[in-house]
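We begin with a single chain expressed as structure tokens, specifically the form predicted on its own.
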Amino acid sequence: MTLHLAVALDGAGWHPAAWRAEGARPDRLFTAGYWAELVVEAERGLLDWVTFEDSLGLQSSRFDAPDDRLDQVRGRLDAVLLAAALAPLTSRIGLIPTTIVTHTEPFHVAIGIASLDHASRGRAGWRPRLSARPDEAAHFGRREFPPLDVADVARIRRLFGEAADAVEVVRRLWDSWEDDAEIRDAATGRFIDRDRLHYIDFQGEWFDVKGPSITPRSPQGQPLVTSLGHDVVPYEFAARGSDVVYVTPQDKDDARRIVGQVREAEATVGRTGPELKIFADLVVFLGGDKARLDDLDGAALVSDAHIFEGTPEGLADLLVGWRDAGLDGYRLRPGVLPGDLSAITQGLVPELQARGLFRKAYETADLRGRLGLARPVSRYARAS
């Protein structure tokens, strides 16, 4: 069975001092050309998809608030708009932006991702992310957000409950146009069949959304939904509404334990349909400059994900070894861009291909099909 490989793109790379590495391009971080070169390189390496990070606040060395560091990259481009700009420059690789669902209306998210799926001809995905930072809530002024206590499980469950409702609203809006709702009959003057547009009538604790969407049903019907999880509550969130979950094991045994927790979460929420695809996140350094970057940053890199430093051959050994734990694929976080991305596409990929474990060409154009997921029928479609 071949491996699935995705790459998470963020700024100059996942090391906070990556912008100071040899070959880095800090003067181009906020240009379309910089991101275009990265995504084209990822597609050249036949990777499944790329993800784009996003947030409602500046990057921070703290998880709950801004910091006052001036020696790390701060600022980013809007992930959905960036992915849409890159769609015409690529033809096969999936494009998955992140959006914050805690303060963003799901209607806006739904039409943005559906539009990306149209622009990319079926290669769009979405990573919903929640926010618990008071400084991010202050941008909107709609509610007070006290600092998050990680031991406050009840509040964490409420945040994830709101996020789960947001995902459900988005998915219903994606279905609110049937596939054949557009008639485009110039002779009769009928452009759409109004009977094939549907109200979603969602009413919940956090959202009350009538629908339908303003965007016709997209090529995939339901763009791929992915989410990141570190514990049972986010695993249950993924089980309710995602197609793929990214997890952060530290070794093979940990991966096996986490896979078991994800399957338990699916049973807990009563998931129906295909099982979640489980991808392990890894921070990777294939250029041998991590120690120097640690010195520049003033501390050794700490990450939620396992940090690999070595050769493409060594990374291939790790990916093959961990696969037996029940993983479907990996999302690699390059420590330094563009260097570690090039090492993935030009070093790791050929090594996996030589072992018969990675594709030598894209077999499908759409992102769902790449994972063996069928295109779903709209939940509102009338029976034939």
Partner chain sequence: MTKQIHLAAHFPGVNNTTVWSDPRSGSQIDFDSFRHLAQTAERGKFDFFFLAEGLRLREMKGRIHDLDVVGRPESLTVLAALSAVTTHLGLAATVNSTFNEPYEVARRLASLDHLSGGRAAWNVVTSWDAFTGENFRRGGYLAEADRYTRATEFLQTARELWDSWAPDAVTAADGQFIRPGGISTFHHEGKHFTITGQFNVPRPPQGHPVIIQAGDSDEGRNFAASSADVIFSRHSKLEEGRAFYRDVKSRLPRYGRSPDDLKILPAVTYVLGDTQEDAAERAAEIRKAQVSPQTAISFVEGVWGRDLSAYDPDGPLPDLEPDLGPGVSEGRAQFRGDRGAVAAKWRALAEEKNLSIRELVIETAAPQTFVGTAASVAEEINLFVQTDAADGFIFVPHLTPGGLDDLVDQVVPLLQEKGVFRADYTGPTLRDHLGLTKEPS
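Residue numbers count along the first chain shown, from 1. Please read all numbers here as calculations on a predicted model, not as lab measurements.
There is also a form predicted in complex with the partner chain; it is not shown, and the following applies to it.
- Checking 325, 357, 58, 46 against the partner chain in the predicted bound form, a heavy atom within 4.5 Å turns up for just one residue: 58.
- Checking 301, 159, 233, 111 for any heavy atom within 4.5 Å of the partner chain in the predicted bound form turns up a single hit: 111.
- Contact check for residue 29: a heavy atom falls within 4.5 Å of the partner chain in the predicted bound form.
- Within this chain, residue 107 lines the site of the partner chain in the predicted bound form, having a heavy atom no more than 4.5 Å away.
- Looking at residue 167, you'd find every heavy atom of it more than 4.5 angstroms from the partner chain in the predicted bound form.
- Within 4.5 Å of some heavy atom of the partner chain in the predicted bound form lies at least one heavy atom of residue 211.
- Each of 118, 121 and 189 comes within 4.5 Å of the partner chain in the predicted bound form, counting any heavy atom.
- This chain is displayed without the partner chain, yet in the predicted bound form the stretch 138-146 from 258-266, 138-146, 307-315, 273-281 comes within 4.5 Å of it by heavy atoms.
- Residues of 82-106 lying near the partner chain in the predicted bound form, listed in sequence order, are 82, 84, 85, 88, 89, 101, 102, 103, 104, 105, 106, the criterion being any heavy atom within 4.5 Å.
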